[in-house]
Every structure is written in structure tokens, then in C-alpha cells.
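There is one chain below, alone, in C-alpha cells, taken in the form predicted on its own.
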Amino acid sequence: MSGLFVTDEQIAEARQLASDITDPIFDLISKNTTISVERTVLRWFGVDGVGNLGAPLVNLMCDRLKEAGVLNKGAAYWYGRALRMGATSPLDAVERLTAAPLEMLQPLPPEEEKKLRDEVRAEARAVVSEFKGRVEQRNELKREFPMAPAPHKYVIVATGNIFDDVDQARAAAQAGADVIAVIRSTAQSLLDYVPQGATTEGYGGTYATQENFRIMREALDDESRKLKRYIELTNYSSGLCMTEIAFMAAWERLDMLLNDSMYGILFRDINMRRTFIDQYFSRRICAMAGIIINTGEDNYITTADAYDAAHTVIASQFINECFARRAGLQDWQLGIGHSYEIDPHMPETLLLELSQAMLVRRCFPNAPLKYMPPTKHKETDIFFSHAYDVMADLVAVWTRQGIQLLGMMTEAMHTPLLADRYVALKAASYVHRAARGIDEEFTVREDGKIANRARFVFGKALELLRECKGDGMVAAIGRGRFGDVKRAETGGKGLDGVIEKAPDYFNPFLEIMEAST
């Protein structure tokens, strides 16, 4: 399969185009920070909890610094100033800084300035060492209880109550699931703060909080020991708190995060400058934590036609890969997203879907890939729906997907029940077992329908990448080239949280993470 469809030279051209497209965006990233990045820095230092009115302390501190016009120096710098004011704990630091007239603080003498930064860097190194120790705890458990062979069967829990989610996750793991994804409460990505503590109410999902991450990770670790195979945990690192959620998830030893360079821009109308800056810092955290990211190209072909827009998926995958590699992620961490979404009433859809999945595998041979099931054309006929999902199971094992989200036969009717997950897991396990090795037994004709379709799609993807290079990524998004959704550079939510860095901006965690690669 690896020699089919497109040449190495064509793939290299696509990667070079993606690099050229993203270069101007990295210039934006290097010159700016965001209020959510700075809140994340404070979380690294142990600032946690809420104030008297329920607002997170990191929000109170960063909002105060922003109002005073000094957040552009970096929250880490002001955290250090608070320590010099006599703060004895992260909470004390917040209280001192929020009470101090920051605009009246005088610059420190150069020798004091250097001492402050050296002390804060030393504390950051100690925190990062503890962080890496927690990641190693997760890795030790994975070595003790190896996972089942790929494709890893990925299922969703989404009750709104974290304790009910735990019961459903345990049941899914016992039925054969390899990966549990806790879906976030609808529209949490639009909140510019992270809720505190365990939550028992949510709409369409469960709030992403650090305590919820801890509860589910603890339960799945227990289940992994019982089943003697490791169960991975996934959540969402996207939206206005993308960076904070990445840190909290990494600290609580999650394995995967849905993390895309453009999803928030296109599908949540979050400002593109804010998103591009936040995704970089969040991916730096994922790189250090050994977290696999799942990108969101599957969403493009739920808003656009999957047959006509297949090339936009390929083009975006190269762009997402470039963003990820520049943030230090390795190929094994790139759960690049695509899906089985062509209208099932078209002829030869199995060949078309095989072509797309084979093309993605050809372009990204060392990435695990994250394959999505049919959703857009699901029907309330559960028998047809189940057969539709099983075809995706076949393509997944045939094209060596690493991560496969399983479709549910009741997708078009209600949130899946335990029995629905059981049926999906049983069918996928059967297909994966029965068809394993099929890719080594059958060859695809170089002049056949599968190969010709793949070459056509890749050619259109190159055209789109060339357009993005010529006109710029911002213009391409403005024209609706991805997902048929148009966004403006200064539109959307969160632009007021983008802050130009001062010449003496200070972020010791970014220094450490960038130095590591």
C-alpha cells in the first residue's frame, strides 16, 4: 500500500507548502501571548481554587494584571514579584498581587531583576520535574499492562455526571474498549474559565475540570489493573481555555486530547489569533507529557460534502502536522483525524472510503491516525446504521488505523446506552479479528478506481495548499476553504485576550519546553 497513489516528491511538496503557509502564523505566535496562556503559567506554579464569588484565582490574578496593563511582561514575572513582596504560597501571591496597585510598582534594579528571574526559573524547573514524574507513573502502568493491538477501539461517555461517567466507562472497558473519551459539556469551549471541582450536571457531556480528570483517571487505572490491559483516557483541549485544559489533563495523566489548530476558529467562532497562539502552547504541553493529539478534520466533511471536500481534509492534515511538529510533537503523537462520511447512497462508497483512508495512511505513515465513524448520514433504521458502522470497522483494520472511534447504531436517535456500546464493541472486535492482515494479502491496482480517486484528491489538496501559500492562511479561512465556514481574522470570541509581549516578557515554562526540542 505504501508505494501507491502519489510520489514521495509530491508528499514532500505538500509538507513544504504547509511549512510556508504556517511560517507567518508562527511570527504571530512568537510576538504574542494570551490571557489563557498566562493563566496556565500560574496553574503550573500551583495557583488553584476559587475566590469568594467563585471566580478561579488564576482568572482574578490575570484579569487584575491585564487591567493594569502589565500582563505583557508575563504572569510568571508578577508571580516572582509577589514572592519578593513576601508571599509564602501561591494563594498568598494571588492575594498580594490582586491587592497591590500594580501600576505604581517601580522597576527593580538590574541585579534584583536577574535574581527574581533566576529564582522563578528554579521553581519552574522543580515543577516540571514533578510534572515529568507524574507522566512517568502513567507510562509505568502502560508498560505493566500493554494495550491490545490497534486499531484501538475508542468509545464515548457523556452523561453530564462524572460519577455516572465512571460507571459507564468501566462497563465499556469490560466490553472491550481500549480508549474512553469523556465528551465535554456543550459550549464549554466558549467559557473563558475552567469550572472547579467534580461536576454532576452538564448538557451533552460532562465539564472538563481537573478534578473530573483525576476521578476518571483513577477509575480507569483501577480497571486497567483488573483487566490487565491499559485503558487510555481522552478529553478535549480546545476553546478559550485550551492551554489550561492541556495542562490539567497532562498533570492528571491523560493519554489523548482532541486538539486542533483550526477547529475552534471554524466551528466555535473563536478568534483565529487567539486560537493559533493557544494551540501552540497547549501542544508544547502535550509534547512534554507524551499525549497523543486528535485533530478535527473529520468535522469539515460534516459541514461540507465528504465527496467534494475530501481534498480539504488532506490539505488541513498537512497544516495540522506542521503546527504540531513545530510545537515539538513527534509522529507517534499525531492522531490525525479523518472519517467515513461519504453519502452511503452513492455507488462504490467502500472503494471511495478505502481510497481516502489509504491516502491518509500513505501521507502519514508513522502517525497513529484517528478514524471517525459515519455520523452525517446516520438513519433511525438501527440495522442499516449498524451495517454502515461495520463497513467503517473494515476500512479501519484494512488501512491500519491506530485509533478508531466506534459508531453507534442509535447515533441518530439518542445518547448511546450501555447496550449500544456493547454491540458496537462486539462487532468491531469481530471485524478487527477476522480481517487482520487483509492489507498484506490484497494489492490495489495502480490504474484502478481507488488509486485514481486518491491521486485526484491529492492533486486538489496540492492546489489548495498552493492557494493558501499564495494568499495566506487567513484569506483561505475567510473564503470558507475549510468546512465551508468563513471566519475573519479579527472576528470571533476572545480577541481581547490576545496580548503583545513586552520586550522583557518572561515565561520560564515556555523556555523549558522549547529548549527540550
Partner chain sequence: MTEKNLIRAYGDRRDDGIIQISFTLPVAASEKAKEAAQLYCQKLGLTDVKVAAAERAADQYTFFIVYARSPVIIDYNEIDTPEISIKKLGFYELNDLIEERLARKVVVFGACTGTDTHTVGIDAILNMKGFAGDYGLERYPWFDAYNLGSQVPNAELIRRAKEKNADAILVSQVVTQRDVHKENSRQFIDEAKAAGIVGKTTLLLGGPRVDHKLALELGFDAGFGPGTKPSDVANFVVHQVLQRHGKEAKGTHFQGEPT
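The structure displayed is predicted, hence computed values, not measured ones. Numbering follows the first chain given and starts at 1.
The next section is about a form of this same protein that is not shown, the form predicted together with the partner chain.
Contact between Phe383 and the partner chain in the predicted complex is found at the 4.5 Å heavy atom cutoff. Of the heavy atoms in Glu144, none are within 4.5 Å of the partner chain in the predicted complex.
Using a 4.5 Å cutoff between non-hydrogen atoms, Met391 does not count as a contact of the partner chain in the predicted complex. Not displayed here, the partner chain is approached by Asp343 to within 4.5 Å at the level of heavy atoms in the predicted complex. For the options Gln196, Thr200, Gln330, Thr98, the one in contact with the partner chain in the predicted complex, meaning a heavy atom within 4.5 Å, is Thr200. Of the residues Asn72, Ser224, Thr159, Ser429, just one reaches the partner chain in the predicted complex with a heavy atom at 4.5 Å or closer; this is Thr159. Heavy atoms of every residue among Ala175, Thr186 and His414 are located within 4.5 Å of the partner chain in the predicted complex. Remark: of stretches 430-438, 241-249, 271-279, 405-413, the one touching the partner chain in the predicted complex is 405-413 (heavy atom within 4.5 Å). Contacts of stretch 286-313 with the partner chain in the predicted complex, defined by any heavy atom lying within 4.5 Å, are made by Thr303, Asp305, listed in sequence order.
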